[in-house]
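Next up: a single chain in structure tokens, the form predicted alone.
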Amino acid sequence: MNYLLKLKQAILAALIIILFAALSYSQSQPYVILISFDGYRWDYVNRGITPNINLIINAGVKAISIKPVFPTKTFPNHISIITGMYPENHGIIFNEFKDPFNDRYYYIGDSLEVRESSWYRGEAFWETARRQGIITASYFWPSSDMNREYRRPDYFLHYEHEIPYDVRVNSVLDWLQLPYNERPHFITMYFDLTDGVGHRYGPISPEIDIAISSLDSTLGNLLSGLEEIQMRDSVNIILVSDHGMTEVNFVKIINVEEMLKGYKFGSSNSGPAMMISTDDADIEKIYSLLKKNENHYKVYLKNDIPPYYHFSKSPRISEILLVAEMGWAVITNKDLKWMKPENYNGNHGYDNHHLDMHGVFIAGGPHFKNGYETGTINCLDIYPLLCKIFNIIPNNNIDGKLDRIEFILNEDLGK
């Protein structure tokens, strides 16, 4: 009897120790808010209209730019940021494309397909973190609302474009005030304003400056809110953009459909880049015709796509790829319906090495160096950086490299 009592006491003591250890671990976990400003070009922070971003810069880290992956499109880059993988490896190769094995079509405007988890071959950071005991949340990020529960953040919302920005900010602040055992420590946020305005009015316009200022005010509301709940000093903020923007106009267009009259082919995407698929018998013929007329664009057979694009491995990539010269557009007849001068003055999707396609990288908080400026950051390296901050084991299939980015962290990290 005495033995059983001692055993129960020992078990109870062990449970108490485990409970307190878990609580201590939860309270010691860092906080990170990863924010995306869609289409926010690298030089937008240099226009003297972003006082709140400057607050983070002055006390944190600013890179000259962030280098996106090719193609410099929204979904491929957001997935690359959150998985640390090239599009050819994580599977989301464009904003729209067809699966050659089942003829299903991925399109960012199709919510059912976007939520279908089988499209996504990479492991998002929130998956890695959840598996290792980190509570995660997303107020929007491509793939965060996929249809398999275990592949989503603990807290998430299906994307709704019209939800006001102040509602998003207040919801994140509410998450951060949940009890410790329910509170997310990793949160993503997404804001599209500069992308839409950049497309319509261009990256050098009064309208884009208004959009830049508006997003800065939204960031200011988040910072003020963190101050009010006494978490400003404990939250790491990483502000990134998925790509930049360049000026375009309706004059610089190449109609591929007119060039390939008489041939049966399929195409996906247009503007800065286009994929073309056709019967095997016509691949060389179509390629030769496009090569013969190559002017203000480059055409590649899949096996000959330059290695620096890292865009040839996936079976979802078509047999022929066209990449337009900066500012030019490769199109088909259907594109003429929307390419009007009044709404087509900026675009992205071009060669990711061109500076106009680069975005911003700014970070501040207890885990980052103070007042530190660096060169270009590779977007693939954000995933391993997050793993380092949270001291968790990364997925071993990533393309990102910690040693290219960890120097921006406080040297005391992990000590």
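Don't overthink the numbering: it's just position in the shown sequence, from 1. Only a predicted model underlies this, so the values are computations on that prediction, with no experimental measurement involved.
We do not show the form predicted together with a small molecule, though everything after this point is about it.
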Is Y190 part of the interface with the small molecule in the predicted complex - any heavy atom within 4.5 Å?
yes
M326: touches the small molecule in the predicted complex, heavy atom cutoff 4.5 angstroms
no
4.5 Å heavy atom contact, H310 to the small molecule in the predicted complex
no
Wondering, does D335 line up within 4.5 Å of the small molecule in the predicted complex on heavy atoms?
no
Specify the contacting stretch among 191-199, 211-219, 273-281, 338-346, defined as having any heavy atom within 4.5 Å of the small molecule in the predicted complex.
191-199
P153, P203, P87, P142: which sits within 4.5 Å of the small molecule in the predicted complex by any heavy atom?
P142
Can you pick out, from L173, M231, M259, I108, the residue that has a heavy atom within 4.5 Å of the small molecule in the predicted complex?
I108
